[in-house]
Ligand code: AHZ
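In structure tokens, the next block holds one chain alone, the form predicted on its own.
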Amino acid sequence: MSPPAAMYEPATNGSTTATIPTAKMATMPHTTSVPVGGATKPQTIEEMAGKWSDFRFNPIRESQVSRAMTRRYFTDLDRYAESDIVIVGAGSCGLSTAYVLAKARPDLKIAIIEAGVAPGGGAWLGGQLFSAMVMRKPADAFLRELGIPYEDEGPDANFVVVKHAALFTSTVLSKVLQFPNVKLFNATAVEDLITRTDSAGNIRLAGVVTNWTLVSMHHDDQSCMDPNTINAPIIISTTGHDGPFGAFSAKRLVSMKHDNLPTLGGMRGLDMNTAEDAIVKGTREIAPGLIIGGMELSEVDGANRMGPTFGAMALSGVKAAEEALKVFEQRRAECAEPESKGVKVGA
């Protein structure tokens, strides 16, 4: 049964309809936001209404704006240079992964790297230019977890429909960003993977190499700009199928001749019935320290594409988080091994 839609009923005082006073503005839907810090009493939208002729913003100096942004950004760069988990790609799978991880383990530092300015990947529209988002059951469980209303056509229906894909995407994005242990670095590309070789010659992942996306796109026509790095014992790659930034981690494993992925399987044609099951079941640790989920797996395993149905993206994210938590402590211990040789690494 789908969550109930919001309904309007006139106020009554028993048997007669009561007069409802006209407000300056309609009631705002969100009333739970509170300022963090600060000593002044915040003004309400209702108090502002109808007083625009005398309206003034608080005075500011332009440098204050610059410092307010850059101070926080560079503090985050410093804090997340040593992360616990890095998620590459903030599409529907990556965001679902981040939500489950951050909720389950508030003690972990989780960095999300997204090449686009706008997170969400292809999940802002349901398919082509059609706005509704279709999710096959039982992925509706994740919608209920997030509190997203949907239409269910009955017990015999095999899918549910969210009225607009942007409702799903904006909801999971807002919930992820409210976790204090998550930082999203958008307009940032992963250019390479940090690797370590153990005594047996096996390669494992130990972080990502990053650059601003605009720089990554222009290495060939501008002077090369060296990148930045984030160390982490686990990387979860959800960059989608092959494209300018798609299937990045999978393609990089192939190019470095990693034993675990000597060649790409290559995405097959569209078959919803096989594709979604294959993506969820196939979500796993591909190489030590690297978990791959979502449509990037189609390039790894030669799975079919599924087109405009999104249940596999959400549940692949749930499974990716589960897989990460299974191996996290082991991978963290491996990344701390240099300390035994006198090399200090971050916690």
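As the structure is a computational prediction, the values presented were derived from the model and not from experiment. When you see a residue number, it is the position in the sequence shown, counting from 1.
Here the subject shifts to the form predicted together with the ligand, a form of this protein not shown in this document.
Problem set entry | Partner contact for T169 in the model of the complex: the ligand, 4.5 angstroms, heavy atom | No - in the model of the complex, heavy atoms of T169 and the ligand never come within 4.5 Å of each other.
For this session: Look up in the model of the complex whether G240 has a non-hydrogen atom within 4.5 angstroms of the ligand, and give yes or no.
Result: Yes - in the model of the complex, heavy atoms of G240 and the ligand come within 4.5 Å of each other.
Problem set entry | 4.5 Å heavy atom contact, G307 and the ligand in the model of the complex | G307: yes, in contact with the ligand in the model of the complex.
Exercise. For F248, is any heavy atom within 4.5 Å of the ligand in the model of the complex, or not?
Worked result: Yes, F248 lies within 4.5 Å of the ligand in the model of the complex.
Exercise. Among A115, I110, M135, I234, which has any heavy atom within 4.5 Å of the ligand in the model of the complex?
Worked result: The residue in contact is A115.
For this session: Identify, from the list L101, V190, I85, V176, the residue with a heavy atom within 4.5 Å of the ligand in the model of the complex.
Result: Selected residue: V190.
For this session: For the three residues L205, P288 and A324, verify that every one has a non-hydrogen atom within 4.5 Å of the ligand in the model of the complex; reply yes or no.
Result: Checking in the model of the complex: none of L205, P288 and A324 is within 4.5 Å of the ligand.
Exercise. 67-75, 102-110, 85-93, 137-145: which one contacts the ligand in the model of the complex at 4.5 Å, heavy atom to heavy atom?
Worked result: Heavy-atom contact with the partner occurs in 85-93.
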